[in-house]
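Have a look below at one chain only, the form predicted alone, in structure tokens format.
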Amino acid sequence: MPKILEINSLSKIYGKGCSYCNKIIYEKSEESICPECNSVLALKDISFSIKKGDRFGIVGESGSGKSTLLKILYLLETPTTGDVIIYDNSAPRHMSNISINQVNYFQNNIMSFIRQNPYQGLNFNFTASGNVAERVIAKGNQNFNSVREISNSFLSKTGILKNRFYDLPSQFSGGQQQRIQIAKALASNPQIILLDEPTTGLDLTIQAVILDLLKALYEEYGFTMVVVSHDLGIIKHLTDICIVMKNGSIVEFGLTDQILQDPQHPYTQSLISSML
């Protein structure tokens, strides 16, 4: 399959940065805070590519840089150095060279972002149907009947009952709120869906239901899925290939099953041991 995302020499520094920051990044040191200028080194010279249709995992503990990486992929933050390339109909588009209107185009048409906290991903002043409709309208559909039909269709696909379409998100459980987020993400027919800890805070039974729903929707629609999680169980369930991150660097990269069965890096080995 052709590439859909390419990340080249990506680094992210929070702070003014200095020459010592660059030394830490170049050497991929485990230091996360520069002792010279106190800048936070969130990402250090990250490079990888994702093919169309991949189920790609990014795993690591808190502070590993995985959520920062996801925000950069969704164009919510800009890297300090490096580039993100998105292949739109196989044409490479360098995200460092686009306007704010083009950012909106990619966020509304090419990618969707399912957040860990539904309060960040949903508008709690809109109904469930209204939240999904917001996404459909952002893609350019202005026909009221069409927007409502599409919105309610995706709510049905994610298991929201018809008699709940016009309830507010606050009237739903956490698992149902995630279903609404998933419906909203799918409604623009994106090529790429980014998921940030999609089941954190849900009980194990609801987690399993949401994970199975995501797998079923992936099989139906064939989007590229990028999943960030600290939980190797979720990475195993949802992804085929993954990277393991520590202190802003990639320490392991390969097939998910292979990494879980035969981890090479001591950090990955410790993550897997903690699951047992």
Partner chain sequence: MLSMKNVSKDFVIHNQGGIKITPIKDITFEVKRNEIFCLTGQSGTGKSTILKMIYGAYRVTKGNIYLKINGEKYNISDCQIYEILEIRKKYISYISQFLQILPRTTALQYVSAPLLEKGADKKEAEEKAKEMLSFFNIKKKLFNLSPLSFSGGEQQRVNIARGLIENKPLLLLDEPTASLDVKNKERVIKKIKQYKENGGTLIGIFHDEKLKKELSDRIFDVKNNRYL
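Positions refer to the first chain, counted from 1. Since the model is a prediction, treat every value here as computed from it, not as a measurement.
Keep in mind that the form predicted in complex with its partner chain is not shown, yet the notes after this line are about it.
Student: Give a yes/no on whether Asn38 approaches its partner chain to within 4.5 Å in the predicted bound form, heavy atoms considered.
Tutor: It does not: once its partner chain is placed as it appears in the predicted bound form, Asn38 has no heavy atom within 4.5 Å of it.
Student: Wondering, does Gly15 line up within 4.5 Å of its partner chain in the predicted bound form on heavy atoms?
Tutor: Contact with its partner chain, no.
Student: Using a 4.5 angstroms cut-off on non-hydrogen atoms, would Leu211 count as touching its partner chain in the predicted bound form?
Tutor: Leu211: yes, in contact with its partner chain in the predicted bound form.
Student: Can you check whether His237 is within 4.5 Å of its partner chain in the predicted bound form, heavy atom basis?
Tutor: Taking the distances in the predicted bound form, the answer for His237 is yes, it comes within 4.5 Å of its partner chain.
Student: Counting only non-hydrogen atoms and a 4.5 Å threshold, tell me whether Ser49, Asp54 and His265 all contact its partner chain in the predicted bound form.
Tutor: Every listed residue reaches its partner chain in the predicted bound form, so yes.
Student: Looking at heavy atoms inside 4.5 Å, which stretch does its partner chain contact in the predicted bound form, given the options 237 to 245, 59 to 67, 26 to 34, 39 to 47?
Tutor: Answer to the contact question: 237 to 245.
Student: Going through 244 to 258 from first to last, which residues have a non-hydrogen atom within 4.5 Å of its partner chain in the predicted bound form?
Tutor: In sequence order, Glu252, Phe253, Gly254, Leu255, Asp257, Gln258 come within 4.5 Å of the partner.
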